[in-house]
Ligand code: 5GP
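Single chain ahead, written as structure tokens, the form predicted alone.
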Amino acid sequence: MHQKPDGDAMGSALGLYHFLKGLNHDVTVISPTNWADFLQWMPGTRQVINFEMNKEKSLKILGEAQVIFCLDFNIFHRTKHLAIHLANAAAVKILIDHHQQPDADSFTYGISDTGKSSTCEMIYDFIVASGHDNSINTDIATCLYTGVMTDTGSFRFPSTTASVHRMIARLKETGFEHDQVHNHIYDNFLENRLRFIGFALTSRMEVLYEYNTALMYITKQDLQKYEIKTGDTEGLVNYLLTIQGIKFGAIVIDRDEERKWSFRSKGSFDVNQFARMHFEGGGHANASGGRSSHSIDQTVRDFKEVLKQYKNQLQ
């Protein structure tokens, strides 16, 4: 899966893990980095190997692997320091992803289908197409539901097609408790995160009505003051789009080695292209990410300067 895995990355990896284990395969899940605490409850998460914490073990497994499934990313650099090792691995590499512009030459088989809501939906399709629909149990259902729920914004984004609802109906037949998934993902944070969100909305948000855009920036000092951990900033950018008239929301976070951008949009404004053109990123038309090596102040200035090019599109 990609670095700093979200619900879809972890859900698709663990859903496939449980499915293949059920067919008596020897399966290991490797994450390039750590992951958010709110994913720790998922069935199988404790068996996931963190590459950064277990490099020697991870590289041994990669070296012995016959098949490597690459999930929820379609270009190796999204796996951070694991990228070079994936590129050099001799195993068959199978791509299952739903982001735009895949680096198809890096994979032996597979697909990056932008028409799918999530990689978890694609894993579900994979299981059904293989003829093993009856093998879907509560563990698989829980993992796949997590990814679909998070990547569709709890089923409110346009990517929530009829096939998504049919999939959910089938997963519910296993008896898994969907309300518990929601509680674990959305209702399981510490007090400091709520106070951090209040601070960010009050002190770190700018609304640029001329461009129908809202911007938020988070400094390293902010992260330290509120003891923010991996996953605590998840979904913060979505608050910006709740403002009436806002079509484009952007948040930049000051990380140790780089500044990380998250972009969200409504309607036809393509943040995938925006991220690729200006911030070394990409993703979906209405949800993407990027990065900058500049300081937090400079990257905010860069954003505002670039935004001028899109005034007509955003009005």
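The model shown is predicted, which means the values in this text are computed figures rather than measured ones. Note that residue numbering begins at 1 and tracks the sequence as displayed.
Same protein, other form: the form predicted together with this ligand, not shown, and the subject of what follows.
Among heavy atoms of residue 32, none comes within 4.5 Å of this ligand in the predicted complex. When this ligand is considered in the predicted complex, residue 264 lines it closely, a heavy atom lying within 4.5 Å.
Residue 287 belongs to the set of residues with a heavy atom inside 4.5 Å of this ligand in the predicted complex. In the predicted complex, none of the heavy atoms of residue 43 sits within 4.5 Å of a heavy atom of this ligand. With this ligand omitted here, the record of contacts in the predicted complex names 274 to 282 of 274 to 282, 35 to 43, 22 to 30, 60 to 68, defined by a heavy atom within 4.5 Å. Here is the short version: of 93, 99, 85, 193, the single residue with a heavy atom within 4.5 Å of this ligand in the predicted complex is 99. Contacts with this ligand in the predicted complex, taken as any heavy atom within 4.5 Å, map within 63 to 81 to 78 alone.
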